[in-house]
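Okay, here we've got a single chain as structure tokens, the form predicted alone, with questions on binding and movement later.
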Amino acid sequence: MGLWAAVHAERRGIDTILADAGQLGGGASGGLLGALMPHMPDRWSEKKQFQFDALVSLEAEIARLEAETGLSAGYRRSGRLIPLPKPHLSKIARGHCEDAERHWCAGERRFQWHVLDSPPVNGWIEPSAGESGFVHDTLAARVAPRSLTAALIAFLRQAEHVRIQEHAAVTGVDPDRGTAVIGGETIAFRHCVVSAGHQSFPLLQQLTPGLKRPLGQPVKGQAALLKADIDPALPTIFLDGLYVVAHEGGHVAIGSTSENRFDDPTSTDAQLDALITAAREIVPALRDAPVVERWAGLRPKAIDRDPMIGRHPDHPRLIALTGGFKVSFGLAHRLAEAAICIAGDTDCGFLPPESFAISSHIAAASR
């Protein structure tokens, strides 16, 4: 989110300092999975519409970024395949077909939610995984997290208005005076966008006295990368929290766990082993595929699970841009643009849902 915010600031000619306590993109954005999954098309809401618009617009945003940098972000609208192991799931899924026809529309573009008796491609998933059929949606996509992050960083390293400071911890922020201590240097700012993943929550907590609960928490996720001779156009498989994502270069990402309690945020263990085993059971091409990397990291989960964005109600110079948990890659470009528009008091043509506002999260933490 912070990288996208800096990109939008550069495009608007706003002088910006991009500060990171470590290396740019070294946190949860440096993971493996990259699944861009839509909400279910039923019970449509402001939040689902925002996510839909973001997922559709990301395609053009990435194409522009790739043209500007000459780098690939590993993006593809490959779709999603959901096995239906029980009869009642098939009945529910068939009810969503008309919902998708009604809501998954962007101008002349239409995206489908098909319910099939068998997989749409042979040899990718065991037919027995979907005893009651399969959902094949054409809206879902995927991106290579590290490739996208590398493209964003490459754009910013050649930017005219953005100064990058890596390994420069922010040790103090005075939002009322408009100063921050970055890497030991005091910097004056007109606006400060707080986009430090789960590390944003303690800073925002300190500036919001009287809260009864934390504004957010880190949630550990584990994932793995396997090497297999597969078609990168294959749809992402989703089953009971398991994602199997085909990427370019004969790689398949598997993930991910969601752990609220953990001892070591970067270690992998038997929970990841179980995901790999489950993936091998339903994907024939992965039976003997070697694991080339195991990864673990911390994702930011705000108190209401939704992303957290907007001016702090007590400190208008301070703008939150964090949270997101599992949906950050699909929404970051839109939320970042909204944050920069907030900083510039300009209209970006869309508004994030009210539930995303930091004031909404503060209200939840106050109860």
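Numbers follow the displayed sequence, beginning with 1. Predicted model only: the values in this text are computed from it and were never measured.
Omitted from view is the form predicted together with a small molecule, to which the following refers.
Look at 306 to 314, 66 to 74, 336 to 344, 323 to 331: in the model of the complex, residues with non-hydrogen atoms within 4.5 angstroms of the small molecule sit in 323 to 331.
Although the partner is absent here, residue 359 lies well away from the small molecule in the model of the complex, with no heavy atom inside 4.5 Å. The small molecule is not drawn, but in the model of the complex it has a heavy atom within 4.5 Å of residue 35. When the small molecule is considered in the model of the complex, residue 299 lines it closely, a heavy atom lying within 4.5 Å.
Using a 4.5 angstroms threshold between heavy atoms, residue 20 counts as touching the small molecule in the model of the complex. Not one of 83, 234 and 249 is positioned with any heavy atom within 4.5 Å of the small molecule in the model of the complex. Put simply, of 276, 289, 196, 162 only one has a heavy atom within 4.5 Å of the small molecule in the model of the complex, and it is 196. Residue 168 is the only one of 129, 168, 89, 225 with a heavy atom lying within 4.5 Å of the small molecule in the model of the complex.
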